[in-house]
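The data below hold one chain only, encoded as structure tokens and taken in the form predicted alone.
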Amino acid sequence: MTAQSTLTPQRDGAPEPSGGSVRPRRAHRGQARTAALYLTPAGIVLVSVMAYPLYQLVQLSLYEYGQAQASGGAPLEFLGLGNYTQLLGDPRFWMVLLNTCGFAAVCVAGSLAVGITLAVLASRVRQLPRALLFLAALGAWATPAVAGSTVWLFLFDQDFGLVNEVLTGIGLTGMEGFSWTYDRFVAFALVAGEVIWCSFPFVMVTMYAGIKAIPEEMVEAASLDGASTWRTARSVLLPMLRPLLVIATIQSIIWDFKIFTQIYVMTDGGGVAGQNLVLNVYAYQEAFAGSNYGLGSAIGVVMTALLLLITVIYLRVQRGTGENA
């Protein structure tokens, strides 16, 4: 039998042998197993650290657990979803939830805007200005939250603050003796400014690393093809920076949604009549100031569920955007 008779010529449009497609699938499965092996130790640590506290938090939220129960003077009373029913039926909870979502959204948007802008600026200036910019940003990032909040309060003090003196000196006489923490929205804006000040360095460093990793040849090629700066940023830079942007956004959402120290210190525990309460401070007041640990735990469970929901929605939106790009 000749070699010619053993070969069957393929007709146009005939399917290719399946062996070529099996190998990529096998290689992908092998890479997935390798990644799983590398991630297993970290997963074990996370489960060990997080699983039991979350279990205790959920369990505590199902009981009437106050000071009497904590001291052993009264037995635990199982309420089931009673704490959640009380929480969801309280108009104050919905006001605090609205405060938290709006405040976190402003802080996340501000941190991303300032961080990305300064990252682009740092990639375009000389070495000395860039080093000074990074030192200033990292100094803000390294400042403890209590210390940073106290400094901002001193700067914006209504009687001795530098900001009021400067504004009064340039002709804004209405700012003399102005209280930055009395009005609800002004107080939130002041705290948001402090949060953005100490949060943008993370975004800046992350995005700067991503910008420097982009080959200059790609930007030059887009320019030679006649693409504008906005077109280059949207079609070339943004798709390559999207993974880092997702990380920075999720981290900012988590940090800003569970803000406690800045609100507690700068508004003296939640502002006038609790007008500046956010969920974390609200949970602290109910659990420790009010000795209602079961209700405080229920607030903690709701916060955790909301953060997971927001993160999942954001990831799905980003995935859909990436697939449609």
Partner chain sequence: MRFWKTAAVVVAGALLAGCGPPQVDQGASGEDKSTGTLRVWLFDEANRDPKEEVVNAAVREFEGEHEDVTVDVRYIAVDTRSERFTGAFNDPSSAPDVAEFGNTDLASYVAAGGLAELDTMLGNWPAAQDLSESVLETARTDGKTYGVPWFTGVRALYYRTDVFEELDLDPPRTLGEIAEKARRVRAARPDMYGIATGGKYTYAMMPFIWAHGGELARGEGATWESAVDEPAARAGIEAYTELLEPDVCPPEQCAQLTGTESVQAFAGGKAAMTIGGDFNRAAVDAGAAGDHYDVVPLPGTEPGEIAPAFAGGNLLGVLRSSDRSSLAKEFIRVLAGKKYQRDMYEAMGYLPTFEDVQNQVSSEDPTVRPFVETLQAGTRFVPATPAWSEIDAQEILPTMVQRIVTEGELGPATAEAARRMNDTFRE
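Keep in mind the model is a prediction, meaning the values are calculated, not measured. Numbering follows the first chain given and starts at 1. Superpose the two forms; the largest set of C-alphas matching within 1.5 Å is the rigid core.
Only in words, not in the display: the form predicted in complex with the partner chain, which the text now covers.
Heavy atoms of residue 71 reach within 4.5 Å of the partner chain in the predicted complex, making it an interface residue. Mapping the unseen interface onto this chain, residue 177 counts among the residues with a heavy atom inside 4.5 Å of the partner chain in the predicted complex. Contact check for residue 236: every heavy atom lies farther than 4.5 Å from the partner chain in the predicted complex. Although the partner is absent here, residue 80 is not a contact residue: none of its heavy atoms lies within 4.5 angstroms of the partner chain in the predicted complex. Shown here without the partner chain, the chain has only 182 in 181 to 196 lying with a heavy atom within 4.5 Å of that partner in the predicted complex. In a rigid-core overlay of the protein, residue 47 has its C-alpha displaced by at least 2 Å between this form and the one not shown.
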